[in-house]
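Consider the single chain below, provided in structure tokens and representing the form predicted on its own.
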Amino acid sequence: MSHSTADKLVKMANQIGMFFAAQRHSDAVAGTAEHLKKFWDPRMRAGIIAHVEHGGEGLDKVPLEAVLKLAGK
């Protein structure tokens, strides 16, 4: 995955996390994970999971935890 693709996925994931940020932390993580599961193409999900497996640079706490949840970790 190219650096610019990872940057775009990180930006989008952070925006989704910000949308859910007003909720309790656990609900925000669950809501973000559910959004990624429902609305992101499998290649996008695989890309963000790979990014997290390589350190997750740039991801805020809520989307980082959501991606880990999607990855089953």
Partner chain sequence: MSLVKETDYGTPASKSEKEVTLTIDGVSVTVPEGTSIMRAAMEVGTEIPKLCATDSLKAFGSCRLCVVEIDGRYGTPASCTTPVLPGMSVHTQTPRLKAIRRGVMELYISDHPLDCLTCAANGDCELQTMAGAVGLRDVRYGYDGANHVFARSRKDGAANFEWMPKDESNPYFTYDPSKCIVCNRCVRACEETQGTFALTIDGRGFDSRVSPGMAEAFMESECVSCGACVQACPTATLTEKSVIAIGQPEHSEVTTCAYCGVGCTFKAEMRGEEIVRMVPWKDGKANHGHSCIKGRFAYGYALHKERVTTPMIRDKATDPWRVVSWEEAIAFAADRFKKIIETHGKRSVGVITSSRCSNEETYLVQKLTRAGFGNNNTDTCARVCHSPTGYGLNQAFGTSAGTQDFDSVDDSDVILVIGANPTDAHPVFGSRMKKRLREGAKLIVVDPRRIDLVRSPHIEANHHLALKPGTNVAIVTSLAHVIVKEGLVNEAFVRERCDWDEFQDWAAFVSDDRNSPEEVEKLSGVPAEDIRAAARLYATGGRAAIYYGLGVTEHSQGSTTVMAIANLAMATGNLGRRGVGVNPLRGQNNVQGSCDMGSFPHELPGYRHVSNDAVREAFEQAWGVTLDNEPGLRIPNMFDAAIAGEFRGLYCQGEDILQSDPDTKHVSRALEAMDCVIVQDLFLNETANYAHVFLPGASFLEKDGTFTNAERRIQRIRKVMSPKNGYGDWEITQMLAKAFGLDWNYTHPSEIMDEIARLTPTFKNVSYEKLEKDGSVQWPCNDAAPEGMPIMHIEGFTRGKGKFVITEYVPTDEKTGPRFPLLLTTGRILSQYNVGAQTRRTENSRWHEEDVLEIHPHDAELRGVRDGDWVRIASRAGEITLHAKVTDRVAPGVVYTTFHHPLSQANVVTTDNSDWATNCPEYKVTAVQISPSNGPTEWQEQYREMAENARRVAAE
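Being a predicted model, the structure only gives us computed values, none of them experimental. Heads up, when I say rigid core I mean the largest set of C-alphas that superpose within 1.5 Å between the two forms. Numbering follows the first chain given and starts at 1.
The following text describes the form predicted in complex with the partner chain, which does not appear among the structures shown.
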Looking at the partner-bound form in the model of the complex, is I16 within 4.5 Å of the partner chain by any heavy atom? yes
Find out whether any non-hydrogen atom of R24 is located within 4.5 angstroms of the partner chain in the model of the complex, and reply yes or no.
-> yes
Would A50 show up as a contact with the partner chain in the model of the complex if we use heavy atoms at 4.5 Å? no
Heavy atoms within 4.5 Å of the partner chain in the model of the complex: does K61 have any? no
Taking the partner chain in the model of the complex and a 4.5 Å non-hydrogen atom cutoff, the residues of 34-55 making contact are H35, K37, K38, F39, W40, D41, P42, R43, M44, R45
With the core lined up, does the C-alpha of H25 move 2 Å or more between this form and the one not shown?
yes
